[in-house]
Ligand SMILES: C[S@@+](CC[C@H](N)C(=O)[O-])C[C@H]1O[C@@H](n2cnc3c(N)ncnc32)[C@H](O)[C@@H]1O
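One chain comes next, on its own, written as C-alpha cells: the form predicted alone.
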Amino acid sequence: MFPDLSSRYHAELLAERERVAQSGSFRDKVRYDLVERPTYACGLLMAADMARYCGISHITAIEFGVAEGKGLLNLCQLADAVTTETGVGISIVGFDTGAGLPHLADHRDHPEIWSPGDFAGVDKAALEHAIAPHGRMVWGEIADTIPQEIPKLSADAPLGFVSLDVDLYHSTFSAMKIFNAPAATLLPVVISYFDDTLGSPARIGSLFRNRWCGQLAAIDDFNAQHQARKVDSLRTLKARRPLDRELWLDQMYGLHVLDHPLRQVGATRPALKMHDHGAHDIMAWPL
C-alpha cells in the first residue's frame, strides 16, 4: 500500500515508522505518511490544529476537481479521524463540472498535456450518496459556481483546507476566487494543496511545467492582484516531518489572510512568559 522508502531514509527512522504503523496514534501515522493520501491527511490535520489554536470548533474543507470521487471519499473518511483527534468538526464540499476538463483557453492551460473532456464519466448520483452526510457536491463550471458558494461560507465554519486538482490555469485561477471570501469566513492560514504544481516525475508531461503556465502561474497572478491575501509555500513543513524528502511536501501551500481579524493589532492573546512559548500548539485564542 505504501511506497518503499529504504533508499531515501536511514534504518533507524524506518524502524520507528514500522513501530508507528503497528501501534502509533492517528497523528503519528499522519506524520509518517502511513495514511492514504498524506497530502489530505496532513493538510486537514494542520487546518484542524490551527482552528483549535484559534478557538474555532468547526471548519470547512473543499476539493476542487473531484473526478470519480476517490479523493473526496478519502477526505470524508479522514475528516472523521481528524475530528476524533482534535475535536474540530469538518464540513466537506466538492466542486466539479461532472463532464471532465472544460475548454482550454490558451497556452497557460497546458494544451500539450490536457484535452477538453479528460477525466469525464463520474456517476453524480452515486457520488452524492457516498459522501452524505459528510459532504456535498457543487456541479458546474467553477467560474460560474464560485460566486454563489462564497456567501455560504461562515465564520462558524471557516474555510481551513483546500485541494486544487483542476489541472488548468484558468480553472485554478477561478477556484482561487474562494480566497476572496470575507476574512472571518477563512482561517488566518488556509492550508492548500496544489496537485499540479509538480506533476508525476515519471510522466513526460511533468517536463512541460513552468512558472508561466498552469497552477504556478495562477498562484503568481493571484499574489500579484492581491495585497491582503497571499499564497506562499509552507516554509516549516519539511522541518515538521520525519519523512522530509517526499515530493508532495512541495505541493503544500498556505493562503495567508493578512486582513484576518486575528492578525490585527489588538486581537492578540495575553502576553506569555518565556517558558510558555513552547505551548503555542495547544493554546487557544481567547475569543
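For clarity, every value in this text was computed on a predicted model and none was experimentally measured. From 1 onward, residues are counted along the sequence shown.
The discussion below concerns the form predicted in complex with the named molecule, not included here.
Of the residues Gly199, Gly71, Gly214, Gly135, just one reaches the named molecule in the predicted complex with a heavy atom at 4.5 Å or closer; this is Gly71. Contact with the named molecule in the predicted complex, judged by any heavy atom within 4.5 Å, is made by just one of His58, Lys230, Arg37, Arg241: Arg37. Heavy atoms of Glu85 never reach within 4.5 Å of the named molecule in the predicted complex, leaving it off the interface. In the predicted complex, at least one heavy atom of Val166 sits within 4.5 Å of the named molecule. In the predicted complex, none of the heavy atoms of Ser192 sits within 4.5 Å of a heavy atom of the named molecule.
With a 4.5 Å cutoff on heavy atoms, Leu101 counts as touching the named molecule in the predicted complex. Stretch-level contact analysis of 167-175, 182-190, 149-157, 124-132 against the named molecule in the predicted complex, using heavy atoms and a 4.5 Å limit, identifies 167-175. Of all the residues from 50-67, those having a non-hydrogen atom no more than 4.5 Å from the named molecule in the predicted complex are Glu63, Gly65, Val66, Ala67.
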